[in-house]
Structures are given as C-alpha cells and as structure tokens.
Ligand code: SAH
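Okay, here we've got a single chain as structure tokens, the form predicted on its own, with questions on binding and movement later.
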Amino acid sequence: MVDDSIYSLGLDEIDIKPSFRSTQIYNWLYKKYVDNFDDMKNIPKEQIVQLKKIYSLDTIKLSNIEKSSDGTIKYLFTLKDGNTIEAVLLLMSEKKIDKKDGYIKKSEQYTFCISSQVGCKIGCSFCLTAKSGFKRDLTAGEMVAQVVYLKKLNNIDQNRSVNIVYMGMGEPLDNYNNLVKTIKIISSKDGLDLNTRRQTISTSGVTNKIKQLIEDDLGVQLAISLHAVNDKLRDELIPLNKKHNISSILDIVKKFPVDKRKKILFEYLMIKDLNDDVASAKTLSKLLKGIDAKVNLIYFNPFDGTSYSRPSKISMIKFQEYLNSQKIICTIRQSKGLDISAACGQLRQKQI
C-alpha cells in the first residue's frame, strides 16, 4: 500500500520550503482539522498546487456513524482501496455545569479506540474482528487520520486532550513501524500534541515486539490482553499463546518502564463457566506477583455464532473482590456501545 497521505509525515518530512511552511501546514491539519489543501489560507497558491501533486488528504472517508444510548459513537471509515475499518469514541464522563452560574465545572472526557489493521491475524476465538480474516496493515496516515477525524467530527478543541487506545481492529504490535510513527506524529508539539502517557497500546502479547517497545522507550502505556490463567485455556482463546505463552509475557512485562502514576494494565475477559471463578482469581493474583499491575475485568460481549456466554454480575464482583483483597487494583469495565456492536471484541470490517 503506497502511503501518499500527508498525515503520515513528521513535521520535518513535509517537502515544502521554507521550513516554516511545514509548521503552518501542521497547524492547519492538527489544530484546525482542515481536510482540503485549498483551505490553508496562508500557504501560497503555487505551494498548494505542489502539495496536491505530492500528497493526499482523502486518506479515509466517513461512511457511517452509529450512536449508542450510553454516548458511545462508532465510525465506519472507507479506505482508498475500498477496505473498511471501524473506530470508536467512548464518552468516559459527561460535562458538568454549575447550576448557579452556568460555568463548566468539568469538561467531557473522551477515549478514542483506534484500529491498526484491516481485520486481524491473531484469530482470538472470542473476537468478532477475527472472523473477517486479515487483509493488511494500516499505514501511519490511516491511523493518524482516525484521530483527526474523531476530534473534528466531535468539535473537540485543539487544546483538549483525549485518551488514545490502540485496541480497535488488529494487533497494533504486528504493525509496529507504522504504530511507532503514528505515536510520534500525534504526540508532536506542533501537531495534535497528545502526550504519550495518554496513549495505550493494547496487545495480545507479542513478546519480541514488547521488547522492542521497551528499547524504544516511547513513554506509552501498556495493556496486556491476558484472559486466562493457564496456557491450555489461553491457547484456545488466543492461538498466539502457543508462540508467546503466559510466562514469556509476564517475564518481559516486568522489564517494561512504568510511569510512577500508572501501572501495567491486564485485560481479563470474563467468560461464563470458563475463567470467571474465584479459583482463577487466586491463580491470577499469584501470576501477577512482583508486577505493578492493575486488572480490568471485561464482560464477554456476545455475537452470532459464538459458543461463549456472558458472565453474571455476581461472578464479576466476586472475582474483583478477591483481587482487591490481595492488594491488586481491579476494576470492572462497563461494556460501552454494546447496543451498536462497538464494545470490546465486536469491531469488524463491514460491507457497505
């Protein structure tokens, strides 16, 4: 896939002289969210012509929007080659306004769930994305464009920070080079200026790429999709486990640099009568010994054709209470966007 998207370029890679023009172009792209070169009013016309010849701005095209009753919004984007991807905006907390004087006491908080591939090659048995198979990696431009579009479509001011989670369609570490480039572009001070501490890579546990992530020291957060406490079950849930098993993942994670205010997040998908018992919680607490960990319990989100079932609220709470009793921070993630198939494991490549 040839990436001629201007969204794929670092500030010093835009081939326009003098150099200050690159900063102006970045300002139009990432502060004002323009999607047409002609709208860049302080760029000379001859350079606009040059930009049009070299770069494209039609990296992705919005094809559909679905809104959930809980404020979650799912976006279907069509790529230039006709493939489609989905990205999700999660409303983490709503705006709070002082009833007396009308001032905003607290602004909305958003998390963007960004796709990194068309489909996914990991083949997790609980995930709908895998059912469509793997088509290709997304380019850096296609990933950056998702963030820009979500900010623009929701009128999120340039100075407002959002959280970015690379856990949409695909395994982000399988698209490592483009992922790193994306992180650097959207964290650029002249661009979207989204701090790397607000960016989380969610991975099924590609240990050699986690090692590379440690060496590159990007300052991002790490989330491990664990989902099982023994290799037999994890082999069934995540075939990649046969190559990158639980012990190898935990060994490399212990070396990951953790911000003092953060922890390594372990995502644990709860499936009824499979991994939702207190015995599993006890085993998990032993596995995480020596790791500055936080566990996020996730309800299995059903889809047509699956044999797995959603766990009860009681089993989720008992699991959580045991981990908390062992001094492990454990939260239960609410399944946002379930009514529009935007929850964890439900994103897929749609036909339009």
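Computed from a predicted model, the values in this text were never measured in an experiment. A residue's number is simply how far along the shown sequence it sits, counting from 1.
Keep in mind the form predicted in complex with the ligand is missing from the figure; the text below concerns it.
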Taking S204, L269 and Y299 as a possible spot, do all three reach the ligand in the predicted complex with a heavy atom inside 4.5 Å? yes
Looking at 285 to 293, 51 to 59, 313 to 321, 300 to 308, which stretch has residues with any non-hydrogen atom within 4.5 Å of the ligand in the predicted complex? 300 to 308
Though only this chain appears here, would K151 touch the ligand in the predicted complex if you measure heavy atom gaps against 4.5 Å? no
I'd like to check something about A228: if you look in the predicted complex, is any of its heavy atoms closer than or equal to 4.5 Å to a heavy atom of the ligand? no
Can any non-hydrogen atom of E142 be found within 4.5 angstroms of the ligand in the predicted complex? no
May I ask you to state whether G191 is within 4.5 Å of the ligand in the predicted complex, using heavy atom distances? no
Which pick from C127, L250, A281, V147 sits with a heavy atom within 4.5 Å of the ligand in the predicted complex? C127
Taking the ligand as it sits in the predicted complex, which residues of 167 to 193 have a non-hydrogen atom within 4.5 Å of it? Please list them. M167, G168, G170, E171, P172
